[in-house]
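Coming up is one lone chain in structure tokens, specifically the form predicted alone.
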């Protein structure tokens, strides 16, 4: 039995020394109205895979093999399982794979049946994250999703048969959502070992933002807070442990890729719009698919820009990322500066944050954004 608790400080801190790779697949059948990711409907799939393989082959290996791979999108299952398997094999050849490496893929319920799930497992994936979002038909329509509740339940069952670990994504706070509790209980009843819950947000430039600007109802913060707390209660009653602001897992089933990123670990990244962190440098690729492919085909770099994180900036980022975890983060200079500041004293007195001799954590995750703002406002002279 797997007993590792994902909210234990020693467990989460160990991921700072592990490495990962992210692969972005930008293709979708349709664009969801709330999505602001670097995605598009259709395109030259073969050309894009070819560019990915070139980018992977040209990258420098880490000093150790990959502990996690995450293939996200978009909709990765826009590609056939055999092509996805080529990508995993290329990563394994270039970087090496740890014997217990987590290899995750995102998928949508309408694309998953037992045969497809089995094909993905044979392609090298041992973890799947299913974009269920809701089990309420009205909410699915409002979110522009292509599946219905029955398809979602069937896809979860197929995933449970094929994969050692299965996550379900849910979105809370859609205006008029009266079936949130049923959605949470429904996916947990399927036997998943990991649950991710995200608030519906209105991102600038999306169809949702235009609809809200034209008078459509926006998500209500109080309703979203209630939904968040309800999900936490139901998930924890089912034995899942909250280990990050939006993520719950049975002991031993936390997402390794996420834990690496939140521990300020290093990860490579491939594809349009993909972000990476290596050697204290964060860099990101150009967003447009056609330009990404063109650059790789002509031997140019796909990197659009980069940011060197040193000194105080790197320390602040370490605390910001670490505070997303239920286990929090080693106090360090930035944590000590926060606790000594008037804002930190106020947050501590209000029970929003908590601390001991060595560690700082957010005790009220609904107020995590407020804590993050205060960390960002700290001046280097306060350390």
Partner chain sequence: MTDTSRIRNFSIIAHIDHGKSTLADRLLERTGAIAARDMREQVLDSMDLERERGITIKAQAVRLHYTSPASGQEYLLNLIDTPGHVDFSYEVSRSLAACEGAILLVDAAQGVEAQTLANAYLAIEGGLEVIPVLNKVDLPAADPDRVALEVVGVIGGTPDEVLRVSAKTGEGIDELLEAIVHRLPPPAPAGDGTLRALVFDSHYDVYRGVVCYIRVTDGRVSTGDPLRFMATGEDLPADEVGVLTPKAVPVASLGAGEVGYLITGVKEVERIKVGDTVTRRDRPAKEMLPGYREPKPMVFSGLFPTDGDEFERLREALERLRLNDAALTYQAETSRALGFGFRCGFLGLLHMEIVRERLEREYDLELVTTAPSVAFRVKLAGGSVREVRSPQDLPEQIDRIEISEPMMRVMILTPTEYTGTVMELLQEHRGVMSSMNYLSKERIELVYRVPLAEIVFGFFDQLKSRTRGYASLDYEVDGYAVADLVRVDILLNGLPVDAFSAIVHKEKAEVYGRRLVDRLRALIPRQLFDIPIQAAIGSRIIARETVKAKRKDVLAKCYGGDVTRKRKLLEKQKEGKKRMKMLGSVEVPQEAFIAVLRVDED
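Residue numbers count along the first chain shown, from 1. Every value quoted in this text rests on a predicted model; they were computed, and no experiment measured them.
The form predicted together with its partner chain exists for this protein as well; it is not shown, and the discussion that follows is about that form.
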item: 64, 358, 29, 346 - the one with a heavy atom within 4.5 Å of its partner chain in the predicted complex; value: 346
item: Listed residue that, although its partner chain is not shown, lies within 4.5 Å of it in the predicted complex (heavy atoms), from 141, 210, 288, 282; value: 282
item: Residue contact check: residue 201 to its partner chain in the predicted complex, 4.5 Å heavy atom; value: yes
item: Partner proximity in the predicted complex: residue 100 to its partner chain, non-hydrogen atom cutoff 4.5 Å; value: no
item: 4.5 Å heavy atom contact, residue 234 to its partner chain in the predicted complex; value: no
item: Non-hydrogen atom contact residue 374 with its partner chain in the predicted complex at 4.5 angstroms; value: yes
item: Proximity to its partner chain in the predicted complex (heavy atom, within 4.5 Å), stretch among 108-116, 223-231, 296-304, 87-95; value: 223-231
item: Partner contacts for 49-71, taking its partner chain in the predicted complex and a 4.5 Å heavy atom cut-off; value: none
